[in-house]
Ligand SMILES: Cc1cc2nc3c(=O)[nH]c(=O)nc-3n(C[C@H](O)[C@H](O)[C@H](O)COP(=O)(O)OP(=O)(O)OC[C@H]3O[C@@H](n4cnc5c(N)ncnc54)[C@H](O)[C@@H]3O)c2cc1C
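Consider the single chain below, provided in structure tokens and representing the form predicted on its own.
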């Protein structure tokens, strides 16, 4: 069965997909299909499950690979991970975007991205966290950071001081999460068709051009057709669609019995994420009582403060660490009611290690093989720098404002965690580079009619939470599509 008539098919209803579908349907006459593997809970927040609505929670009931290791988690619902994450927005350093511009073009430098950052801030309704919403632990953490000489950062979601402490703005109306689907999609636009519960399987490729996409909806396979195809299935999902379509490292595809349509070695390579380790603390009775009172009165945000810091290897004038003081319900496992997990987590924001995403078979229902590669760089930089982060976390915990509220609870956790910021598996770069999958406008090298427009095309990871850069990048690409009669790079 084939369905056609679309100008654009957007394959993935996460953050980037919602931006693109929303912006493209602002143009009268364009017909846009948005394909999402998870459910769609409707236009208003009132129709969404309580866990997905509450910005103070990190729900785990509508995610991909929920039974796997934590780094595999991502939202399986319209809005993608913006529907299940911590709602935080921070921004990177100018050097981060200079790295993108060097590989993709000057439109990706910090100055050129600024109007798209602002556009995303407005669309998502970002708001500051006022004093009255801060937990006792967050208030004490800001005081502790000041005691160590970290200046206060007024807006963590903008270019600002290279080091300091602040409250990342959140996409929430009151305590209710505003996800990308709610922020960008207008259901009354006649050009928009949302296809939820539709799993993007593979692309139909004929003579070097994408002419369709096979999706599985309600157990039935169908082929959707459009003039142009925008792949926005995310850092884990987008390479999977390409590989099942025969686009990727030729030898790997042949081993899986997949016919090679295009030998593109970089598909699935260059996986980057922010690794972490946590200094565990035991809360004092006073802190426990304060947290319990706040939870009973108005709910509890586990983390409201971020500190930009530097390891010993970090160059001056920038940062390579986030320190997050955390107090609340544990992310994994449970504690008895009225008891809380407390600590300071250090995240390495400019890791050198690289991982990989591959597929076990051509079955679209088979979870991808994700090798995060945390702390595997040959020189050992990442392990050493993250160790510096734990040392700085200890210094923070030893300040007057915090040591009276919590004490060390044994050695730091040996487990390496994640910030849930994977990027890079369909990296941008010049067409003659074996490390590149797309150009600076997301057009896939060697194929016509196909663009990728999500965090997978970031060639390097910015020193920030990646939701805002993904929003800004999608805003930029959407404008580029609308500004030309044909798509950029066509």
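Everything numeric in this text was worked out from a predicted model, so none of it was measured. Positions refer to the first chain, counted from 1.
Beyond the structure shown, there is the form predicted together with this ligand, which is absent from this document and is the topic of what follows.
* Among 33-41, 46-54, 443-451, 424-432, the region lying within 4.5 Å of this ligand in the predicted complex by heavy atom distance -> In short, 33-41.
* Asked: Does the 4.5 Å heavy atom contact test between residue 135 and this ligand in the predicted complex come out positive?
  -> No, residue 135 sits far enough from this ligand in the predicted complex that none of its heavy atoms falls within 4.5 Å.
* To do: Classify residue 9 as contacting or not contacting this ligand in the predicted complex by the rule of any non-hydrogen atom within 4.5 angstroms, answering yes or no.
  => Looking in the predicted complex, residue contacts with this ligand do not include residue 9, since no heavy atom lies within 4.5 Å.
* Asked: Even though this ligand is not shown here, does residue 270 get within 4.5 Å of it in the predicted complex, heavy atoms only?
  -> Output for residue 270 is no: heavy atoms all beyond 4.5 Å of this ligand.
* Any chance residue 75 has a heavy atom within 4.5 Å of this ligand in the predicted complex? -> Yes, residue 75 lies within 4.5 Å of this ligand in the predicted complex.
* Have a look at 340, 374, 88, 150 for me and say which one sits with a heavy atom within 4.5 Å of this ligand in the predicted complex. => Only one listed residue qualifies here, and that residue is 88.
* **Interface residue in the predicted complex among 275, 325, 248, 234, criterion: non-hydrogen atom within 4.5 angstroms of this ligand** => Filtering the options by heavy-atom distance leaves 234.
* Asked: Would this ligand be touched by all three of 199, 466 and 470 in the predicted complex, meaning a heavy atom each within 4.5 Å?
  -> Checking in the predicted complex: 199, 466 and 470 are all within 4.5 Å of this ligand.
* Scan 419-444 and write down, in order along the chain, each residue with a heavy atom lying within 4.5 Å of this ligand in the predicted complex. => Counting only heavy atoms within 4.5 Å of this ligand in the predicted complex, the contacting residues of 419-444 are 419, 420, 421.
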